[in-house]
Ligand SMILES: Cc1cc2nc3c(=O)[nH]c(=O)nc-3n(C[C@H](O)[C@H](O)[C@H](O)COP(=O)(O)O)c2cc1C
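Next comes just one chain, in structure tokens: the form predicted on its own.
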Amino acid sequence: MIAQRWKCSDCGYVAVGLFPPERCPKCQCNRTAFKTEHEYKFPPEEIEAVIAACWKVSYGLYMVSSIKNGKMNGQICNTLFQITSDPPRMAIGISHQNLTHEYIDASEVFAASILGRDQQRIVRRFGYRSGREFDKFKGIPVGTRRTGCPILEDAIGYVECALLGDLTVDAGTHSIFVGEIVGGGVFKNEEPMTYEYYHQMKDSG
């Protein structure tokens, strides 16, 4: 997902996300206590309105995976889109700090498992902890196709890509990777999860 690091100026807790949390999980300070190196081009009092607007932009949610030296890693991402149809290519934004970024850069391949609306558990598992801390794929049924990247067996579909390294763009906190589509398919004819739908379900409890 698009994210950056937010540091609580009161207790030093670091959160990762598009915007700072409403309250610090450690000291309970409100959102205004969090600082980041990035300066937004809008007044602080507009942040809630900007967050609400961003959630209305139509994002999907995907488990993006890659491999390196026989190891595999994956993360949740909401910045995956088809950028050209002829030739078929996908673009994806990945944080420089994420392990998946390191793997894509090394192996020059990535895959995206397309999540269904009932897969909030997958979002939590792959989106809230780093693969440096634990094996996200332990106990999760996966398969591989042409690139060797892990693909969730209970996803509603997938695409996999070979990186076009000369088209990679440094976007500051993230890299925008462009890949040639080398495989894909649909497993189930279901509605895909969107970023907005995920937050609706999360907020409803």
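Computed from a predicted structure; not experimentally measured. So that there is no doubt, residue numbering starts at 1 and follows the sequence shown.
A second form of this protein, the form predicted together with the named molecule, is not displayed here; the remarks below concern that form.
Undergrad: Against the named molecule in the predicted complex, would Arg31 count as a contact residue? Criterion: heavy atoms within 4.5 Å.
TA: Answer no; every heavy atom of Arg31 is more than 4.5 Å from the named molecule in the predicted complex.
Undergrad: If you check in the predicted complex, is Trp6 within 4.5 Å of the named molecule, heavy atoms only?
TA: Contact check for Trp6: no, nothing within 4.5 Å of the named molecule in the predicted complex.
Undergrad: Ala111 near the named molecule in the predicted complex, any heavy atom under 4.5 Å?
TA: Contact with the named molecule, no.
Undergrad: Do Leu61 and the named molecule come within 4.5 Å of each other in the predicted complex, heavy atoms counted?
TA: Yes.
Undergrad: Any residue of 86 to 125 with a heavy atom within 4.5 Å of the named molecule in the predicted complex counts; write them all down in order.
TA: The stretch touches the partner through Gly93, Ile94, Ser95, Asn98, Leu99, Thr100, Val123.
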